[in-house]
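One chain follows as structure tokens, the form predicted alone.
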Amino acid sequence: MQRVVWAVLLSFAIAMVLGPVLIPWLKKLKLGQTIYELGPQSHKVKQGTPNMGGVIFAVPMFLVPLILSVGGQRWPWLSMAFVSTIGFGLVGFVDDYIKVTKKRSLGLTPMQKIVPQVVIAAALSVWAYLTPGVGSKLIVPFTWGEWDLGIFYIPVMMFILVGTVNSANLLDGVDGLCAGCSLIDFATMAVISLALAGADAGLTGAMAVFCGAAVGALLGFLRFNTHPASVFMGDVGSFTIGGALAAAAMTTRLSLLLPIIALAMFVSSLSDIIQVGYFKYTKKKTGTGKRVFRMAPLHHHFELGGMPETRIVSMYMTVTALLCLVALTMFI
């Protein structure tokens, strides 16, 4: 428990120090956000806001668990989490770098994004499958039963990893939204990991420290990312969050809990899929594409309906907190 508290405090302190150092540097390099032309008109004022701010929380998310785990028996689990966090984060970093250097809203092509994600997800899934303590079994929420997927664990986990990363990316569209909801998700995973510590102190202890570091880092980042944001996390931030959260769930065998605690992420993906699918269907049928939402993902639908960004964030965070409390009833 003490390590987790230190992880939160140290990560928060590092993020608070990195913010004032990194943000002026990003401004000096003119690494500003290029706003998507078809996005909400209210976002036009955000043009030029420093991007790639996810580095502010990515550094302590990696550094603090590394420091606090020296001399412990946590390396197999942390190494898996680090590979997922850094691997997916690097894909986001390249995407951001292309956007800011080319001064456009689109970076990597969809194929250039998905291929490295699939490769990373495949490597992690095979690694987890072959690792004692993780294996092919998933805990079924609220039953304490286990679902042994056998060899099918690998494609299922690949889908979960890639899906979570891209869902986190879609949730990042309003100041403080992705960071705020993810902070609650990581706090929940930290508490659950501590509750499971009796079953495997090495594994769950490692994930508790890792998730605690994520909580502190995101809490510090929100100092600069709440509305009006002075920096955006960018894809390097959202991909890092998605990779870290999916890894924490994978190593604790709680991936089936993600649709509950990270519902905000999956709603963002689902609304986007519905919007695109319905538009293509109606365009094929009638020649004129129609939309279900004013704009997807769903938070933009609320935004175009006149809801302030701060209210959207508070609504999403409230729902996330309630769902996380429901999830915690299974463990405490």
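Numbers for residues come from their place in the sequence shown, where the first is 1. Since the model is a prediction, treat every value here as computed from it, not as a measurement.
Another form, the form predicted together with another copy of the chain, is not on view; read the next lines as being about it.
Exactly one of the stretches 83-91, 131-139, 221-229, 250-258 approaches another copy of the chain in the predicted bound form with heavy atoms within 4.5 Å, and it is 221-229. Looking at residue 308, you'd find a heavy atom of it within 4.5 angstroms of another copy of the chain in the predicted bound form. Although the partner is absent here, residue 315 lies within 4.5 Å of another copy of the chain in the predicted bound form, judged by heavy atoms. Another copy of the chain is not shown here, and in the predicted bound form it never comes within 4.5 Å of any heavy atom of residue 17.
Within 4.5 Å of another copy of the chain in the predicted bound form, a heavy atom is found for not a single one of 106, 108 and 278. Residues are counted as partner-facing when one of their heavy atoms sits within 4.5 Å of another copy of the chain in the predicted bound form; in 6-26 these are 8, 9, 12, in sequence order.
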